[in-house]
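Below, in structure tokens: the form predicted alone, a single chain.
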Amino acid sequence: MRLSHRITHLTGGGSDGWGVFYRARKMIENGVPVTELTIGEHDIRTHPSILEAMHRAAMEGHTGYAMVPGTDSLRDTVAARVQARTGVPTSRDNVLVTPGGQAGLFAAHHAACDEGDAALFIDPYYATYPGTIRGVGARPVAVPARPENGFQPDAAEIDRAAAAHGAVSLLINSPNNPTGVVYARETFESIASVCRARGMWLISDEVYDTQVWEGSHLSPRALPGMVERTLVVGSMSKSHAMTGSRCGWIVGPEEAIAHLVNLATHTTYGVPGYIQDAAVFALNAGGRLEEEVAAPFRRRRRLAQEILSRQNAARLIPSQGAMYLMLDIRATGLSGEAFAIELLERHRIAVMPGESFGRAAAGHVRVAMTIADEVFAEALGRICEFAASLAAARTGA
């Protein structure tokens, strides 16, 4: 039987860019020890107090259908959190609870795009972005953020792409996965100016908003003229190590949220109530739990800065947020993919090639700071030694 073009071409008809990751997992399955620095999965689990709240809610009977938009309690809690952090008036009518941030991204693009519309996103990008856009029937258009500009998006390039393709939306992510870059206020303001001028929706993926190591997080919804054209995607996954619980949200204009509730009714039919109750508990615990989750990454970033400062074959892109490091390994003469494959085969260390996240990150690799400090430091040291040996061989030094 024929399958739909949309589902068979979700990854653009080619690879999803995760070949090195799959190879590493296959080696592990075959008993080969591999140090994994690939995906953004915390090495600590969900805090016991959150699990206790989840268990208590389930045992008290909150296991049936929950309200499709989300429980009033969680929507109110998210709204209060967003308003406190941004200063933008926000109520439960601005919030839809979704099964994680990924479902939020998918739903947000359904709200912004019609079939065949062009939807912009910034390259480098999280691997699911173009497939998410294809999944709603829109056309993904990548706009490069270049390493020579510190991977800050260029508003002029965004404007040219919007004009050339008649784009209806732009997807951004700060703190950024994969680069670890936090967008500057000037970057946000220039992006907002383009969105206003072009009449575009701005979809802002803010799932790493509690992991900012330098500067501060800015939600573009708080900028002038942006509240009515911005859809913010948030999640409990990264902030509270609740990746498997699948609990996120979209914050946006009331009219958009009302229509997105209709979409949820016909797709996900909401998020389990006991998980939402646990999310309310976690958010009401304040910064204590969030800092406990963020602390290992903050600590490992400092370790990495010290280790990487001793050499220049693997250069650190400014690591300002999120749980990743982006390393420039172009001095080795290898592509990010070739470097990652060689590193895996020779040293049993798995990192993600920059090319997995778009063309703009070619010649880079992404390192997830998601293993114990001592093992992380040892692996990073070996990566530096490997990069230095390749660079030396290339130059004949």
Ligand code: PMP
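Start at 1 with the first residue shown and count on from there. Predicted, not measured: the structure shown is a model, and the values here were computed from it.
There is another form of the same protein, the form predicted in complex with the named molecule; it is not shown, and what comes next is about it.
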*So, Gln102, Leu105 and Tyr126: all three within 4.5 Å of the named molecule in the predicted bound form by heavy atoms, or not?*
yes
*Going by a heavy atom distance of 4.5 Å, is Ser169 a contact of the named molecule in the predicted bound form?*
no
_Residue contact check: Lys238 to the named molecule in the predicted bound form, 4.5 Å heavy atom_ = yes
*asked:* Thr90 versus the named molecule, in the predicted bound form: is there a non-hydrogen atom within 4.5 Å?
replied: no
_I'd like to check something about Asn177: if you look in the predicted bound form, is any of its heavy atoms closer than or equal to 4.5 Å to a heavy atom of the named molecule?_
yes
*So which of Arg81, Arg198, Arg246, Arg139 reaches within 4.5 angstroms of the named molecule in the predicted bound form, heavy atom to heavy atom?*
Arg246
*Which one, Val207, Ile275, Val194, Leu260, lies within 4.5 Å of the named molecule in the predicted bound form by heavy atoms?*
Val207
*For the chain shown here without its partner, which stretch in 153-161, 213-221, 252-260, 126-134 has non-hydrogen atoms within 4.5 angstroms of the named molecule in the predicted bound form?*
126-134
